[in-house]
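Next up: a single chain in structure tokens, the form predicted alone.
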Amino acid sequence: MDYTYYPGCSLEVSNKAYDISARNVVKALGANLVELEDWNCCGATNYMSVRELRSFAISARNLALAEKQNRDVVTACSACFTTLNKTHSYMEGNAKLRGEVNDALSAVDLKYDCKIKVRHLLDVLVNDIGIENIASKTKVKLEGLRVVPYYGCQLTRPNATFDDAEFPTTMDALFKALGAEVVDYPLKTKCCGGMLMTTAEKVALKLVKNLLDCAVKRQAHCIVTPCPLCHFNLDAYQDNVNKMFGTNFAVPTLFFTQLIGVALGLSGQDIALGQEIVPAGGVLSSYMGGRQ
């Protein structure tokens, strides 16, 4: 089964491990991510609040290109998912906006008729490929691994298309099926600070500290997330948190695709293990079997 794949900007650079692990996991499960040709930035969530119509047009260009392929567009980035899905939903429900955006797109001979769906990769893995099917293909049981599924703010809000808005459980069910011990994590949808890390760092570091503290108190071995910005804040800023609050956090943060890859028996190279700042190799060594 082929899916039109929209990587988004962050997976091209700072979160390359997510892109690598996503492509290889999907391939190992018998599907294929076909990268959308000539895609552009989704417009990002911040820009939408400044130049809304222009942001819709930037985002809709990707949707129009995907619609030509007659396949749903799939993204692994929660921010891209939110932005693309918002554009689709607003255009679908507002004929005036749809006309204005399509008028802009006509300059490059494109038009978006809202005939496809915007989907997150987690949705595709859980609901198309299926948890039971994924579990049947695993080569390594994740028994004994205490996992915190951290969903972040944007995956299910404001539009909960495939999971509960306030208490999502898809990753919980997935990793339980793969043998992991899923830790009860009440902060699973709390904000990591997002882009506040660049404008109000102290506020963002406090939010990250809360998330890490909750995971440590529950004796989690690692945090898994489907959001590249959440991953970046939790992974890259632990040292800053430790300096500010006098803590000693060293909690590995993984993309959910990386942990699926471990269960599928993929190599460390296949899931780009080692690109994280807080090393995950020690936590995963007994499950990798020398494949790091």
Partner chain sequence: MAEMQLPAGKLAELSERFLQDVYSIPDGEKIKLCLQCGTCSASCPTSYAMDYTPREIIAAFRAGMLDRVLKSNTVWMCASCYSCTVRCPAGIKLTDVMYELKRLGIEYGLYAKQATAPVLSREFVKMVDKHGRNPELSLLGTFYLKTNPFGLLKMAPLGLKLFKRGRLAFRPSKVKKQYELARITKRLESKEGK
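Note that the structure is predicted; figures quoted are calculated from it, not measured. Residue numbers count along the first chain shown, from 1.
Not on display, but discussed next: the form predicted in complex with its partner chain.
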key: Contact residue in the model of the complex, chosen from V251, L264, L33, I58 - any heavy atom within 4.5 Å of its partner chain   = I58
query = Here the chain is shown alone; which of N127, N133, T161, N94 has a heavy atom within 4.5 Å of its partner chain in the model of the complex?
reply = N94
key: Contact label in the model of the complex: L187 to its partner chain, heavy atom within 4.5 Å   = no
query = G274 near its partner chain in the model of the complex, any heavy atom under 4.5 Å?
reply = yes
inquiry  = Whether K86 contacts its partner chain in the model of the complex should be assessed with a 4.5 Å heavy atom distance threshold; does it?
reply    = yes
inquiry  = Using a 4.5 angstroms cut-off on non-hydrogen atoms, would R54 count as touching its partner chain in the model of the complex?
reply    = yes
task = Given that the partner is absent here, state which listed stretch (169 to 177, 134 to 142, 119 to 127, 202 to 210) has heavy atoms within 4.5 Å of its partner chain in the model of the complex.
result = 202 to 210
Contact set, 99 to 135 vs its partner chain in the model of the complex - heavy atom within 4.5 angstroms = E100, D103, A104, L105, S106, A107, V108, L110
